[in-house]
Every structure is written in C-alpha cells, then in structure tokens.
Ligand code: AMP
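Listed next as structure tokens is one chain, alone, in the form predicted on its own.
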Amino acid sequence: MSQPDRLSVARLAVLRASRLCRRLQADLARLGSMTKGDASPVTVADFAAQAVVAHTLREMLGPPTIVAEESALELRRRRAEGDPGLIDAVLSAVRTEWADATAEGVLEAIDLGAAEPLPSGGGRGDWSGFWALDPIDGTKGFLRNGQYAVALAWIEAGSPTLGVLGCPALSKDFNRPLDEPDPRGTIYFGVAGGGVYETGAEDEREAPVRVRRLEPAEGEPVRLCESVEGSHTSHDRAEKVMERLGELAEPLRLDGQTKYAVAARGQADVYLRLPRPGSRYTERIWDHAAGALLAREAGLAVTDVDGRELDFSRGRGLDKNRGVVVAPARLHGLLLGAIRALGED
C-alpha cells in the first residue's frame, strides 16, 4: 500500500475522532472520568476516540496492527458486574461517527490497540509496520477545557514515517488564548520527506495548506512550550536551560502532542521535556511518534536530552531515550549544550 493511501485513511480516522472529542469536551459537565492504575485519568472520550480510529482503519485498510494507550478491560469488567453505564456512554459517543456501532463491536475495536510489536531479531529492520495511537494525548487538558491531541502514527522499521495530529481545541489563530477551545480545531499531517500540512478538524473536504516555519533570527526572543503538569518534566530545569539562550518570550504551557504542532507551525520555538532528577519514567511511543515526525518534517531537530534520535524500535516505551528536545537546528545545539552544562543537579 502506498503512503498516500494510508495517509488519507489516517486523516479521516483522526478527523472523525477529533469531531467526537470536540463534542464531548463541550459537554464536560456530564462527562465523567476514572483513574487508571498509573494515576492518570481516562474518560468516555478516550475509549470512544480509540474505537472510532481503530474501526476506520479496519474498515478501510483491513485488520490493523495498533499499539494504543487504552484497553477495553475496565469496560468489560463493569459490564460483567452488571454496570453497563460506562460502555453505554462510550457507545452513544461512538455512534456520532460510527452510526451502526454495537457495544461488542466497540469493545473489539478498542482492543485492536493491544498489539505488542516486539522485534523478532532485536534489530530495527526486523519490525513490520504498525500504528501507534493515543486517542486523547493530554486527557487532563481535555478535562480542564484546554488543549489535547488525537495522535496517530505509522511506524516502520522502528521509525515513524507518517503522522497525523488532531488538535480539536487548537485555533489556526495564534492570538486566540490556548485555554479557549476553538470551535473547529486543526489537524496536522505529513509523511517522511513530504513536509507538514494543516487543515481544519471539522470538514474532510477542506483543502490543506503547507506549514512552513523559519529559523528565528539571532537576538529575537525565544518562546518555550512545555507541559502543564510537572509530573514527567522539570519546569525548574527547563527555566534554567532557557535562561542561557538570551531574551525569552512568555512560555506556553499546554497538554499533549499539541506542543509538537505549536512548535512545528512556529507559535513556539522550543519544546522541552526534561526528566526530573532521579525519575525512572519511560516515555511511551504513542506520546511522541506522530508529533516527532511532524516536527522533523517542519524542519526542526528532534532528539532526547543526550542528543540521540528517539528510538521507536524498543516496544511500547522509548527505553533508550531520556526526555525530548525539539527546536530549529541552531537553537537545538545551544539547548543541548545548556542541558549538559546544567548537569543532573
């Protein structure tokens, strides 16, 4: 199958999930959430978006191999215990984009994301292609009525070669506050070597526009974007690193892979995710695959804090990487130097 064919289906899948999520975010008062074993939240929207993306891929491309964040285990458990409320809510949401969905069909679609793609011989060339999906990357942002992303990537030979980021609350207008959800949202997509394109997250017929960003001139204020939450990134260390770059603009804090989109389109110059000292947290591939591909296609350098490329050939985790550094080439080199100078203290 050609990448253009795969890309068109991926775009449609993310568009459908983005529309679904935007409708649910507009009705947060009635949308409950629960906490997973790692203390992160999960909502009806997470389950519904995963089902819609998986169903679209299966319907149009055949049975897909998907590595995704969510599973239907909790939905099945509650239903078996006589509490069908959660699966009923998920089914109702899914039917806005998949009209003839059934409860069992939704559960099966969600569980398509349970694949465990491990290298057969331990090398990058031993990997067959698969999808990496985060149905809502930034669920806390979704719940606070802020930013989040529907992130889908195709990974082949251990590297993302296609990425689609649905940003249902992100406006094309840089002047619109990030804590005010846009009524249409945006989608960013691209394939390796083909650049990045932007379109709205409402109508699949809208013509895409290529995203082009420039290296900031020396002396211009540099803007950082980073996570709102400090659980997996050190805000203090990021501030110290950025101070070494000179004049700084007001930083942007937002959730999910929307940070990659904001950097790719030039609304921010730098995206940093610096590990907290002593942290053993391992980044998950679905949290970075789509965004990293799109940032690179926009002309940005994407590495970990040690200057290594992100390695998607290790299973579900970025086990060989620490943190993330995204920036235009000149700034990227300065950032790595500042990180080394700062050390682990």
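Just so we're clear, the structure is a prediction, and the values are computed from it rather than from any experiment. Heads up: residue numbers just count along the shown sequence, starting at 1.
This protein has a second form, the form predicted together with this ligand, left out of what is shown; the following refers to that one.
- [ ] Within 4.5 Å of this ligand in the model of the complex, counting heavy atoms only, one of 151 to 159, 83 to 91, 167 to 175, 129 to 137 shows up; tell me which.
- [x] Of the stretches listed, the one contacting the partner is 129 to 137.
Open item on the list: Does any part of His232 reach within 4.5 Å of this ligand in the model of the complex? Heavy atoms only, please.
Closed with: Looking in the model of the complex, residue contacts with this ligand include His232, since a heavy atom lies within 4.5 Å.
- [ ] Give a yes/no on whether Ser227 approaches this ligand to within 4.5 Å in the model of the complex, heavy atoms considered.
- [x] Ser227 belongs to the contact set for this ligand.
- [ ] Answer yes if any heavy atom of Arg237 is within 4.5 Å of a heavy atom of this ligand in the model of the complex; otherwise answer no.
- [x] Contact with this ligand, no.
Task: Partner proximity in the model of the complex: Glu283 to this ligand, non-hydrogen atom cutoff 4.5 Å - done: Yes, Glu283 sits close enough to this ligand in the model of the complex that at least one of its heavy atoms falls within 4.5 Å.
- [ ] Sequence order please: the residues of 45 to 61 with a heavy atom within 4.5 Å of this ligand in the model of the complex.
- [x] Stretch hits: zero.
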